[in-house]
Structures are given as C-alpha cells and as structure tokens.
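Here you'll find one protein chain in two forms, each presented separately as structure tokens under the names structure 1 and structure 2.
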Structure 1
C-alpha cells in the first residue's frame, strides 16, 4: 500500500529497531469503533481490524486494543460513550458510519482528552481529528475512467452501476464523469445497484435488455461487479464487453491475476486501511513516534502484473 505522502522513513525504521519490551508501565488502551460486518467491504474491514489487533497486542505488550462494532449511527454514538466512560481508552480509531451525525460524538471524545484517528469518512469538522487515514474516492472514479478510456481507445458505449446514494458515491461518479468528458465514451444508462450483488444482477439484466450494444460496464464496486458478471454470462454477451469493479475483493483480484478477459483490472479501495490507521495510532501512542496529520491511500489500479500484491486469500472479503 502506498501513501500519497509516504510513510515517514524514520517511522518505519523505528518499527524495525523498536525493543518489544520496556515501554511505559501502565497499559495503554486504544478503542476502535467500526461499522458491523453487514456487507462485504465491512466484513473485510472487521477482519483486518481483528488481524491488526492481534498483531499490535503482540508487538506492544502494554497496548490493549478494544474493537466495537455498530449497526447504525445511534449505536456507534453509544459505543463511543462506553469506550470513554467504561473502557477508559487513551485513543480512539473510528470509521464513522456517517460524517455529519458522528461529528459531535467524536468531538466529545476529543474533549475528554483522547487522541482521535478518523478513518475513511471524514467528520464535518476536521479540526477534531489528530490523524486522518482515508481512501481516495474521487481518485477511484478518476483511475477507473482513465483505465476505461485507455482500454476503449477513447470511444464506445458504457453503462454505470452506482452504489447507494451517498457522498462517497457522488464523489466517485462525479470524478469519473469529469475524466471521460471530451472523449467519445457515451454513458448509455446509470442506475443504483446499492453495492449489492443481487441488485447488480437485476440492474444489469435490464440494461442488457435495453441496450443491444454495450462495450464496457463501470460497476464501481466488486460486489456489484459479481452480479453483473452473472447477468452478462446469462445473456451470453461476455465477448462483447469488459467489467471494471472496485474495492479489492479477493475473488476479483484473483480474476485479474488469472487474466480473466471479462475483468481486466480492479481499482483498490482497501478495507485494510483500518489496519494502517490502527498501526500508525499505536506507534504514536506507544513510541511517541511523530506522525503526519493525514494519510491518503491511493486508488491503485490492480492489473495482472501487480495483482499478487493485493491478494489476501484468508480475508472474508
């Protein structure tokens, strides 16, 4: 994983030579609040968070990591209160369910004197956070558009399957549309598929009925893309088009690795970002290592050449 600013070299070096024992005597507690594993990407997020917990607790014996998961905004706000009052955490790593409603609850944590790391979805008041680790949604749209432009020679007919109507989805789609502006790529149709396989399947079936010729599909997300693939196969039109998903699901990375013509590439939006955030935060807490204010994880294009690097066969996502 590459960062826009790069991981400080000193920081990396610090990790190598850091003695495993001999830190401050009392336990340092880090609370991690993330959405529950209710869909593929969040499942990956939970898995990576748990892996990071094991790794970090082994690496820093006086560090205690507490992971809590919430099904909605309200429950996540409750979780934060419990982390502060019951668990008495020293730092919080949070992937907010939604930006605006979580801003004040996180502010309260900050006011209680805790270190705050915000992951992926920013708060409406960025001054609260001590550290921000995120994927790059506009860039994801951009990279996707650039790949499709190149692959299609700047012209052709495409359909777009969007996620759930949210800021994230808008950022991706806006950047994508901006990038294909001026080319002869025509967007035939656009519908929400809610980051869901079943919806991807249904919407694509209808698109296939509606348009006799489709050169490519921007599915934006790997779960949607898997539904799209089934619909295309059912219609027997897999020779006609290619499909570009996104996120970095292991099934899709595997297809790219195996040079599946239907899936020539994938664009990363890795759930492993939670692990990065936890590591940087832990290092800062325990070793007092200096950190950047912001780490943006690039939306890397995964191709058959580099796919092996992003393949986690044990992850549920």
Structure 2
C-alpha cells in the first residue's frame, strides 16, 4: 500500500512524534547513509538529517543514530559494510548515491537481517526495502510538463537537463515525455547534468551553441537551473526563453515570488523527506508501530500566487 501526503499532512499524521518515555530500554542503533552535501539539495538533506538525529535521540533515549555521508558510490558501499560489521546497526535508512550500483550493497544489509528504509532514489530491486519514502517523481514530471505545455500553448522548442542515471530520474523524464505526447513541443536535446550547478551551466552552454532558438528549458532541478540561468544570461538570451527547475530551493521560490520572467514557476521536492524517513523508521523500531510500505510526498506547482507559502528565508536550502 502507498500512502501519499504533503509535508504538512505528514507532520499532522503524527510522524513527528512527541517525546516518549517508558519504552523498553534495549539499545537500538539506526544507521543513516546519505550523499555528502555536494550541492544545494544535498546540503538541505544533510541539515534535515542532523536535525532529525537530535530530535529522535531526545525523544527515544535508547536510540542511537549514526549518520554517514559519501561523495561517491564506492564510499557509500564501504560505509554500509562498516555500519553492519562495526557499528552493528539494527536498521538502515539510505538515500542511494545511484540506484543500480547501490542495489547489491543494500541487499547485503538486508541479508544481514537489518530493517531497510530507502529514500528518494529507488533501488533496481525494490523487494529489498521494508519501507520507501520519496517525492512523487512521476508527478513531478507530469506537473512540470503540464505547466510548460500550458505556458507554451502546446508548441515550441525545448531542451531538457536530466539528473543522474537513477530510477527517479527515469520516472520524472518518462512522465514528462508522456505528458507532452500529441503536442507540437519538440525536444531539441536532452543531457545529464548530475543535479549540479556547474554541470547545468556547461550543458546549457552546449545547448545554446547548438540551437539558435530555444523557447523553454526543463532543468528538473533547482541546482541545475541556477547553472542554466547563468549560461543563458551570459549568452544574452534571457528574453528568449523561460526555465523550470524543481525542488523548492529558497532562491528559486524568491524568484517566482518576485515574478521573474525567466523563472515563472517551480515544483516542490523537499529534502526534508530524509527526516520523515528517519522518524517513521524510528517510530517503528522503538514503538513497534505499524507502517505503510511506501510514503510518497506530492509534487506541488509553485507560482507567484502561492510562492509565499513555500518561502523559508532561514532554510539552508
């Protein structure tokens, strides 16, 4: 069963638990493996994980949370071995660096008898996981395509910047392409930009040099979008097109609030999902609370009309 909710609804549903006393004092250790803060969204992810660690260890005195971060697949795989053999965790909460190469390392954790929660970037074998928490990736692609389709009147030339080769990237792009089927929107080019600002800049520079006319850019991700914006401005072509990113970075939400014609909208994909995954897993481990198999956070379109609701100036992301 899949449980779908917005962030506020998740909190209201009791996933952010109150301080707890009286639970069995058997020590429980939860490992959390996430990518290092190599870009804005990952920076927000790390911040939310650290905040959740503090809250949970206060709420559950017998819970020990161990967070490890990795800059590449090899390091993350090694971290998992250490969490099982040295840290002796009871459960793993992991946001895989990449889907395919991390599937077998996570499988080994499961085979060692550990509870496994997968966040965001799904494994190629979902049967490994006990719990899955993510944004609604197909919906993110659909919402993005629908907005662009309506704004462009169903016709025009676009370029697409993908993330990295993962299940969620495929879900977003497949849904986006399906949504624009039957329109006169032409995808001139599509390249990976690794959810990275510098790569977004380089890929967009290539697109700008190859295509004399671009009506819109689907950057999919706000970090990528910032690189795209810089490339477009350097080329002096900012009056030619608009750019749609995604995630809800405060800088992008502010642009939408200010009615920046280059950034007319954004689509939410909150890094706080890592905290929700940790909280749900901890509640299950400590309280033996029943859980759903999946928790999916809806993708919300942010426009000038509702942007203020999603603008958090003090947020790290």
Partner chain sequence: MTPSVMPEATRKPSSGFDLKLYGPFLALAALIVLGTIVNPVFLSPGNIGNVLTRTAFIGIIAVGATFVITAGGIDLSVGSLAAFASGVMIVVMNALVGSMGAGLPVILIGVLVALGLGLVAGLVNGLLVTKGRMEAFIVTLGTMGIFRSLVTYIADGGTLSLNSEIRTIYRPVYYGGVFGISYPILAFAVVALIGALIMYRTRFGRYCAAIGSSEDVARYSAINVDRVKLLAFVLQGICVAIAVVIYVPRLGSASATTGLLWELEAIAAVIIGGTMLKGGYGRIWGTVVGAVMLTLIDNILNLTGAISVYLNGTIQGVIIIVAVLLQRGTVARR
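Predicted model, so just to flag it, every value in this text is computed and none were measured. Numbering follows the first chain given and starts at 1.
Asker: Just checking, which of these two is the form predicted together with the partner chain?
Answerer: Structure 1.
Asker: Two rigid parts of the chain turn against each other between structures 1 and 2; which of 45, 193, 268, 89 is at the hinge?
Answerer: Where the rigid parts turn against each other between structures 1 and 2, we find 268.
Asker: How far, in degrees, does the smaller rigid part swing between structures 1 and 2?
Answerer: Domain rotation angle between structures 1 and 2: 20 degrees.
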